[in-house]
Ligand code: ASP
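Next up is one chain by itself, shown in structure tokens, the form predicted on its own.
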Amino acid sequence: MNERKRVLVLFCGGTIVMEEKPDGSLAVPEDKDSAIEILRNCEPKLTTIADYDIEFIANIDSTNITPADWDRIIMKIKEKYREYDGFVITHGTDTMAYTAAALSVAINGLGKPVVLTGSQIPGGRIESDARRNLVNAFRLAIMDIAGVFIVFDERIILGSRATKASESRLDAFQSVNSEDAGEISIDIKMKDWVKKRIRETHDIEVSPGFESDIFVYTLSPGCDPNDLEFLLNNEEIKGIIIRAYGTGNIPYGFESFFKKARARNLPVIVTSQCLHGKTLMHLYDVGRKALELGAIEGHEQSLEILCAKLMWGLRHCPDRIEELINAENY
């Protein structure tokens, strides 16, 4: 007889357990036990897939997630790693991709699935997508794969490549500059490149801790370079990400900003505003000048993974930010 699989659910709140207030707005229940009960009721037969336990992390709208919550998730996975075959994280959709990216950066040697999921419609509604997403997250959590993933609708997305692309569609997430890790139809089909589960007993290495004081700036026609120079006066800001045009093009006039940022030893990462695009800053003079003045290319990576890498790197390897940004996605 096969041994029963075990899954640990890390509960973080989100739309999946939200209730409608008298004014029509949605909010997580104030009582955490009620919220967990809503989650259990999304599909009472989950134990036909695996035995499971629920660990409470937070009961919040994911808009309010912080790096401290990421650290709690990371440390709980570390603490319980040997006891379970996989982990499911129930999470609000707004910042789910940021959390997936943070876990991808801060956990090393992962040999089991860590699966984030949630819903666009509260789990207590008959039309909710919560049941389907939760069931498929459990199915993925016991498969012969390893890594951080987001399961939503028919898609399985690598955690370091995910972004939320729709506020209302049930397939709310997309892979950025990468194919999906798998798809859910009658069966779950994973791509050949997805890492396999490590079957022998092993441990993981975790490095919690993220610097939250970074700034993301989006270029727009006519934007004033002095605005960014003004930010350099704020000593609390430890790093900046610029969402530039096209292949990473930045208008003339930002040269003084880059010089001052380099003098302050403040990392400035340049990424593309295009959802599916990558920086090729050497192609145009406007991009090449920024590179020469110390800009770090974001290449083809999502904003979420760039934020997670920058925030993590500022705490753990502040002198090697460019090396970290250039490292292969996890």
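All values derive from a computational prediction rather than experimental measurement. We number the residues from 1 along the sequence you see.
The discussion below concerns the form predicted in complex with the ligand, not included here.
*Asks:* Exactly one residue in Thr99, Thr93, Asn133, Ser160 has a non-hydrogen atom within 4.5 Å of the ligand in the predicted bound form; which is it?
*Replies:* Here the answer is residue option Thr93.
*Asks:* I'd like to check something about Thr48: if you look in the predicted bound form, is any of its heavy atoms closer than or equal to 4.5 Å to a heavy atom of the ligand?
*Replies:* Looking in the predicted bound form, residue contacts with the ligand do not include Thr48, since no heavy atom lies within 4.5 Å.
*Asks:* Do Asn59 and the ligand come within 4.5 Å of each other in the predicted bound form, heavy atoms counted?
*Replies:* Contact check for Asn59: no, nothing within 4.5 Å of the ligand in the predicted bound form.
*Asks:* Examine Met18 and determine whether its closest non-hydrogen atom to the ligand in the predicted bound form is within 4.5 angstroms.
*Replies:* Judged by the heavy-atom cut-off of 4.5 Å, Met18 is in contact with the ligand in the predicted bound form.
*Asks:* Wondering, does Ser104 line up within 4.5 Å of the ligand in the predicted bound form on heavy atoms?
*Replies:* Output for Ser104 is no: heavy atoms all beyond 4.5 Å of the ligand.
*Asks:* Let me test this: is every residue among Gly14, Thr63 and Ser119 within 4.5 Å of the ligand in the predicted bound form, going by heavy atom positions?
*Replies:* Per the other structure, all of Gly14, Thr63 and Ser119 touch the ligand.
*Asks:* Tell me, please, which stretch of 214-222, 234-242, 252-260, 85-93 lies within 4.5 angstroms of the ligand in the predicted bound form when heavy atoms are compared?
*Replies:* Stretch with heavy atoms near the partner: 85-93.
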